[in-house]
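We begin with a single chain expressed as structure tokens, specifically the form predicted on its own.
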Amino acid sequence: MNYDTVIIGAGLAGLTTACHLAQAKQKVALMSTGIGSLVLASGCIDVLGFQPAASQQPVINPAKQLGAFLTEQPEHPYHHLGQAKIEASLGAFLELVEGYEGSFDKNWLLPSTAGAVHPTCLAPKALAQGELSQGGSMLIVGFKELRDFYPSLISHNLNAQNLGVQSEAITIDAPPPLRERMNITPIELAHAFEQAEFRQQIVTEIRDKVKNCNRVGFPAVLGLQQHATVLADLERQLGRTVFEISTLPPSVPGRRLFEQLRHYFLQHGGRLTIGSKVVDGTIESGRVSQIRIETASRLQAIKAQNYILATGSIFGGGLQTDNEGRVWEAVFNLPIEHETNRHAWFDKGFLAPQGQPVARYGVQVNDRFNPVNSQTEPLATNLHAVGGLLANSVWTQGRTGDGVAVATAWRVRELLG
């Protein structure tokens, strides 16, 4: 079967690109080995969180600080886009999804699962209602059976930063049927919250504690398919604004975002294939002629007018490495500039503010996001790369990874739609 565009990769960049092109009436196929990284992410869209990148002071206005960031990071993919296209991409993204709030000229300052400040540009309503600059008092609720979410730690760290909020914490037993389990996951809790009786028991447990607080924060587990209903019901029963705080993976808001984008893509006629590995692609006379995917009995050729690589970096499988220090792109074997000494791939500090050198490796592109060779000549005019696969798109540099994904997806839609 022939397509207008084939997209490889189902992360934020791949799914957003697929939605934009399907919206533009293209015949689009999205191929992915797995469901992508969205289920590991916060569900927010970080465009520019810190500048300078090593600063511990969050950016309040990303649009205003973008120029200074680009001066500091002369090889960042944002240089191929510019401010107007980044801003347009955020507006276009908000048209694809429901329940998100924000704009390019303001960062939400949200509490993280460690009680730090998470600056982000677009956020689901439930997370955005945890905005720290609003001040006031808040109660943070946790569950004994939910490991890696510690309300006391979050509350202590928020209070210690003098952010203008007064935070208290409470940890309760999860109501049946989850009570007394050794460990429960965010996904299990999200399903349980969709039961009215489960919510009622939680409200009864914390009602007295809530009286002294303006807002109530829960781990980000307030429902999957029925999230809006769960949020509204808790606010009605508690008589307080309710908000969510991101958890460690698996991420419920990330799962909600994946499902929204997947549904939008399929509703607009896209074809989604998850579980079939794209083995290789063929470039002939400056154009991709086909890719091949694994099936149960053979390799199947897929042909299209255009191809988009959204496979992520080393951590997403878009780049491969070996113990001899080689780095290569996984589908087309595109050239990757890299250090052959593997000891130079990593900084001694795991959380080094400048990021790990290996995270800078990726595909070099031109302003049309065609992969290029060392002479900056396009290798295939109908091949485009987006998202974390791009060279120097290391997300820790100012927290820009989601912005790169969303903005490059929109730029490709402009080029092909």
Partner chain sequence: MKKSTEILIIGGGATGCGVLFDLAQRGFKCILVERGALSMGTSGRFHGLLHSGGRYAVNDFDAAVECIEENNILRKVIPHCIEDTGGLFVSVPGDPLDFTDKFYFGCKQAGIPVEEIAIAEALRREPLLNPGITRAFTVPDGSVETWEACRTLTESAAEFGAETLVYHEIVDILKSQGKVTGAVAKNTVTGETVTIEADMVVSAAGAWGGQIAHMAGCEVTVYAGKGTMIAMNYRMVNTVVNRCIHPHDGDIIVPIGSVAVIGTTSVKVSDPDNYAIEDWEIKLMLDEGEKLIPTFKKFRALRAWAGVRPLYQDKSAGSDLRDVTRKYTLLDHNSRDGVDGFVTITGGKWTTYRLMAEHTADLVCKKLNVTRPGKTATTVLKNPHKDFAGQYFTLGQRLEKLEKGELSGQLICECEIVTRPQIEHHLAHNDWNIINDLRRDLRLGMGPCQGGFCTYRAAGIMHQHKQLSATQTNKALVDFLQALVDFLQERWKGMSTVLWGQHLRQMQLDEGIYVGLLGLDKLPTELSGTNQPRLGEIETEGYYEIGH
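Quick caveat: nothing in here was measured; it's all calculated off a predicted structure. Residue numbers count along the first chain shown, from 1.
Omitted here: the form predicted in complex with the partner chain. The next part is about that form.
The partner is absent here, but in the predicted complex a heavy atom of 114, alone among 301, 203, 232, 114, sits within 4.5 Å of the partner chain. With the partner removed from view, the residue among 133, 83, 282, 159 that has a non-hydrogen atom within 4.5 Å of the partner chain in the predicted complex turns out to be 159. Contact with the partner chain in the predicted complex holds for all three of 182, 314 and 323, each having a heavy atom within 4.5 Å. Note on the interface: of 254-262, 92-100, 302-310, 339-347, the segment with non-hydrogen atoms within 4.5 angstroms of the partner chain in the predicted complex is 339-347.
The partner chain in the predicted complex comes within 4.5 Å of no heavy atom belonging to residue 335. Among residues of the shown chain, residue 42 is one whose heavy atoms approach the partner chain to within 4.5 Å in the predicted complex. The partner chain is not drawn, but in the predicted complex it has a heavy atom within 4.5 Å of residue 247. Heavy atoms of residue 198 never reach within 4.5 Å of the partner chain in the predicted complex, leaving it off the interface. Of all the residues from 383-405, those having a non-hydrogen atom no more than 4.5 Å from the partner chain in the predicted complex are 395, 396, 399.
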